[in-house]
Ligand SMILES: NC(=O)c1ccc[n+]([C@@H]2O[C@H](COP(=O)([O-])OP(=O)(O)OC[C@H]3O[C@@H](n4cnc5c(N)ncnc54)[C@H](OP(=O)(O)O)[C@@H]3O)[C@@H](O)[C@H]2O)c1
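In structure tokens, the next block holds one chain alone, the form predicted alone.
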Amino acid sequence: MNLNNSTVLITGGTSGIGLEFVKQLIQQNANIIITGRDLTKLDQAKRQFPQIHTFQSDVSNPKDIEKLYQNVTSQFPQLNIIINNAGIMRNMDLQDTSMSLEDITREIDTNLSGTIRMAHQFLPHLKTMKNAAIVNVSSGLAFVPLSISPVYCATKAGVHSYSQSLRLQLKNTSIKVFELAPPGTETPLMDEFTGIVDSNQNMKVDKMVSIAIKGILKDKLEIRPGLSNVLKIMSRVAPNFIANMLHQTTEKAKKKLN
């Protein structure tokens, strides 16, 4: 996949993996567009990287996606790559009855529905490009669930399955479908899990994104850096063992914190 002079739209591009993609794709001579819900963070990203273009947009809102599509494709008709990166991850007790039905599915609206809606909305435009790609960011936890983040893990398993189906359906088009499944990575997403998940195992975000870009350049359609590859293997070899081990580890950590 040639990234030189590509026009790339990154959802959730104001921090973490998304912002690191901005930095490294600029080095690939790509034109960058980012979205985010927080206007202040968008302005901060613009100050850090003045050459990028920003749009305030929430992928959990279908109307925002429709508006984003109209604005981006009219202003940047050469758009040829979308990176579906926006995501949230929460530490959730499924026995907590204080959570509303709307709140408990918030990760689905952003992580899974947002990814599917973005791909669906932009697909007709991408099909007109000679060199196009959709990059869906899932997680190593798509393969083995972490019990303290049940809805997050379910959404990422969904993104993994959806990416496989999308790739098969688009195999006779000009669009490549990549799936990036990061391991635990040093980003703000992990702040809520301080003391519960061993942060010493987290990969540096610059290293993770560097591996991702190298994979895209080499047309590696499933990119599983570091421990994500281990989780994929363990999900086949001993799925119950690895899931129980992760559960026991986090339960012990929570007891220590309490």
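Residue positions are given as counts along the sequence shown, with the first one as 1. Keep in mind that what you see is a predicted model, and the values were worked out from it rather than measured.
In what follows, reference is made to the form predicted in complex with this ligand, a form of this protein that is not presented.
Trainee: Which of 124-132, 169-177, 149-157, 96-104 has heavy atoms within 4.5 Å of this ligand in the predicted bound form?
Mentor: Answer to the contact question: 149-157.
Trainee: Please tell me whether any heavy atom belonging to P145 falls inside 4.5 Å of a heavy atom of this ligand, as the geometry stands in the predicted bound form.
Mentor: Close contact is absent here: in the predicted bound form, P145 is far from this ligand, nothing within 4.5 Å, heavy atoms only.
Trainee: Any of the heavy atoms of D38 lying within 4.5 Å of this ligand in the predicted bound form?
Mentor: D38: contacts this ligand in the predicted bound form.
Trainee: Answer yes if any heavy atom of T249 is within 4.5 Å of a heavy atom of this ligand in the predicted bound form; otherwise answer no.
Mentor: No, T249 is distant from the partner.
Trainee: Can you tell me whether Q24 touches this ligand? I mean in the predicted bound form, with a 4.5 angstroms heavy atom cut-off.
Mentor: No, Q24 stays farther than 4.5 Å from this ligand in the predicted bound form.
Trainee: Does anything in 200-229 come within 4.5 Å of this ligand in the predicted bound form by heavy atoms, and if so which residues, in order?
Mentor: The stretch does not touch the partner at all.
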